[in-house]
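The chain below stands alone and is given as C-alpha cells, in the form predicted alone.
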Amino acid sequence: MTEQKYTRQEVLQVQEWVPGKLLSIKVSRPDNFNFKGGQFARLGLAPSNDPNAEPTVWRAYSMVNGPNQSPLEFYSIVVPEGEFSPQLAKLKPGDPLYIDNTVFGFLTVDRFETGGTLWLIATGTGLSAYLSMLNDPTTWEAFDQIILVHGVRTKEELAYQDELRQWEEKSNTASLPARFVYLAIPTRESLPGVPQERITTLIENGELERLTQCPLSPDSNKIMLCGNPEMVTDARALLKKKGFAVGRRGNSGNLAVENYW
C-alpha cells in the first residue's frame, strides 16, 4: 500500500470578515506537519455532493498560525466564479478538509541576514503569510524593527486588527524584541493621515518612507512583497532602482517576492 500524500482533517471554526468575500478557517493540524512562517499548504475539497469521496480540487493557501501553533488557520478571499473558494466558504465545523503532506514556498525570514528593518508589504489576503511570521517568536528576535504595510480596497477588508494592534502595543512597551510599525492603506476609503494611494505610488513618491519614518535604504532594510502580481511586479521594479535585489547563490539579498494569486 502506497503512503497517502494527504490527510483528512476536520474544520473547527469558520469566521467571516466580510460576508461573502473574506473568511478565515481553522482546521485540525495533521501529525508531523512542519513548516516555516510564510510557507503554504495545498488544501483539497471532495465533490460537494459526496464529502466522503477523494478530494478532486486543490488550492494553495499560506498558514496564518505560527509554526508551533495549532490548529492550522487559513485566510481566504471568495471568488464567486471560482471552483474552490465558494465551496470552502460553505464549510462548517465538523466538515472534512484535506491537507497535502508537503509544504511549499520560500518566502521565509531565514533567507535574510538578521538585523536591521524587515518590511512586510502585502495586498489583500497576502497578509496571511506575514501573520504566520509574526506568530513566530524567532521573527521578532531576528530584526530590530518590523514594518507591516497592508493595502486593501476598503476598511472592512482590514482583517486581524486585534492581533496587529496587540503587537503594536507590545512593541511600544518593549515586551517584544523588535519595534513594530503597522500601516493600513485602504485605496477607496480614507484613514486619518493615510493617503488613498496604491502602495507602489507611495514607494515611488517617497510617502511610504515618510509615513513609517524609515528610509528605504538597501544597506539596512530587507523587504518582502506578497499579494497581487501586478503590485509585486511594479514594486519590485521600483525597489530595484533603489538598490534592492533578490538573493542569488552566495548572496542572501534584501528582497523576496511571492505572487499570492
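Note that the coordinates shown come from a computational prediction; the quantities given were computed from them, not determined experimentally. Note that residue numbering begins at 1 and tracks the sequence as displayed.
One more form of this protein should be noted, the form predicted together with a small molecule, which is absent from this view; the next part is about it.
Within 4.5 Å of the small molecule in the model of the complex, a heavy atom is found for all three of 124, 151 and 198. Only one listed stretch (113-121, 161-169, 141-149, 186-194) carries heavy atoms within 4.5 Å of the small molecule in the model of the complex, and that stretch is 186-194. Checking 216, 231, 46, 211 for any heavy atom within 4.5 Å of the small molecule in the model of the complex turns up a single hit: 231.
For the options 91, 181, 78, 178, the residue carrying a heavy atom within 4.5 angstroms of the small molecule in the model of the complex is 78. Put simply, residue 20 is close to the small molecule in the model of the complex: some heavy atom of it is within 4.5 Å. Taking non-hydrogen atoms only, residue 136 never approaches the small molecule to within 4.5 angstroms in the model of the complex. Remark: residue 157 counts among the residues lining the small molecule in the model of the complex, judged by a heavy atom distance of 4.5 Å or less.
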